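Next up: just one chain, as structure tokens, the form predicted alone.
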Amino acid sequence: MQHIIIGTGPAGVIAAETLKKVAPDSQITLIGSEPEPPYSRMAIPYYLVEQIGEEGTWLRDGENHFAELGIKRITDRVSGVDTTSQTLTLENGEPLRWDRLLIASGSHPVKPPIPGIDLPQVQSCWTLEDARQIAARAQPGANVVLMGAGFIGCIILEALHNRGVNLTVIETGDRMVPRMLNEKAGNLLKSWTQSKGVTVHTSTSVEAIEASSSEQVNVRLSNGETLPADLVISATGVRPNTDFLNDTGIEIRSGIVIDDTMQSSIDNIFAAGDVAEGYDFSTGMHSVQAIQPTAADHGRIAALNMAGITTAHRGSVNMNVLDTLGLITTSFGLWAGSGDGDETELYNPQSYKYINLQFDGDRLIGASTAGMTNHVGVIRGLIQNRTRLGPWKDRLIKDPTRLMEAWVGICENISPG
């Protein structure tokens, strides 16, 4: 059996290793377009602050890891896929035939339509090569403008701050991390970030980036300000890598649509990770969840089904945990609520603490927190298990911090006192 995996991120790597474990006699080929050994993009900020070298970003120790497992690794791009002949073509012209194909090609940064976005002082932060370019320009005291205060932007933010640059963050939304936090939590994070010496503009956009010298640019904002910058980093979102699948007949919406076995609309073709549009546990609808836990889960389940071990995916629980300059924020499930359920919150801006719980009947369906980490495991467990809270719901409405007490009470069948 010939298995081919496109993509060397967590989904692709875990799928390859799982296949080798459950189908040791199969032929496995792992294709990636970057010259480095498979690495974690989530480790790039640690590389930027020199806590690790490039080898510290690698997903597996040693350059020979995959060869030792008997997994063939190819460094090239896939230029086309023929679903009829079950053959793909690499940019170097080499055709490869598969029995089972896994597309785990990930995503790429979205380049906003801003004049000057292609100037050499403007950089994404997505690949190791991007990180090398940023490290060269983001020297202590340099003026750096970061476009985007979403999840990825905030991870980059911390690394830049720790490099000692003069940092300004521009976010078009009315708060930081608007796809993860509500107005109170997002603006609490903004206040915290500003207290650490970072300038943050929300409800603001970059209108143009203009060269002022061979080394610097001016960044013109919608609020009328113009900022001098040695470096501009664009972190305004990502999009699944699906262009090479045009005219293949594979159903693609926001990503490759998959069923609960990770199979696409074409037999023997599977998808996993950022490129896949799979089941959302909370909504029952399809969505792309570009987070590493989902990628790892997708990769494992796809491999099992490719090997003939039927395994159903229950859907991904939306889960984000973000550490921004020491303030940890989280969101789980339907953190903005279902529209007609109950909710409760505790808000203490002076202490940078916040918790919000969302309910559907007597079940917890979503939550978000700031500055409160001791409930993370309980929140995920209650949502993922669809636990009925019974009388504990009223107790949580009155005091949402009593989640651990509610969990223990439910497990041991103890009523709230």
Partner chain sequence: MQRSLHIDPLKCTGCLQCEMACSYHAEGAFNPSRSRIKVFTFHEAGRFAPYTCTQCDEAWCMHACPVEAITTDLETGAKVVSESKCVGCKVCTIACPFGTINYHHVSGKVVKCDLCGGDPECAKACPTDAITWIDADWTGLDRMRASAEKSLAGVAAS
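Residue numbers count along the first chain shown, from 1. The structure presented is a predicted model; accordingly, all values stated were derived computationally and were not measured.
What comes next is about the form predicted together with the partner chain, which is not displayed.
In terms of contact with the partner chain in the model of the complex, the residue from Ile250, Ile328, Leu119, Val110 that brings a heavy atom within 4.5 Å is Ile328. Although the partner is absent here, Ala296 sits close enough that one of its heavy atoms falls within 4.5 Å of the partner chain in the model of the complex. By the criterion of a heavy atom within 4.5 Å, Phe359 is excluded from the residues contacting the partner chain in the model of the complex.
Proximity of Thr226 to the partner chain in the model of the complex falls outside the 4.5 Å heavy atom cutoff. Contact between Ser40 and the partner chain in the model of the complex is found at the 4.5 Å heavy atom cutoff. Residues placing heavy atoms within 4.5 Å of the partner chain in the model of the complex fall in a single listed stretch, namely 48-56, out of 344-352, 359-367, 26-34, 48-56.
The putative spot formed by Lys196, Arg239 and Ala290 is not touched by the partner chain in the model of the complex; no residue has a non-hydrogen atom within 4.5 angstroms of it. Shown here without the partner chain, the chain has Val378, Arg380, Gly381, Trp392, Arg395 in 378-397 lying with a heavy atom within 4.5 Å of that partner in the model of the complex.
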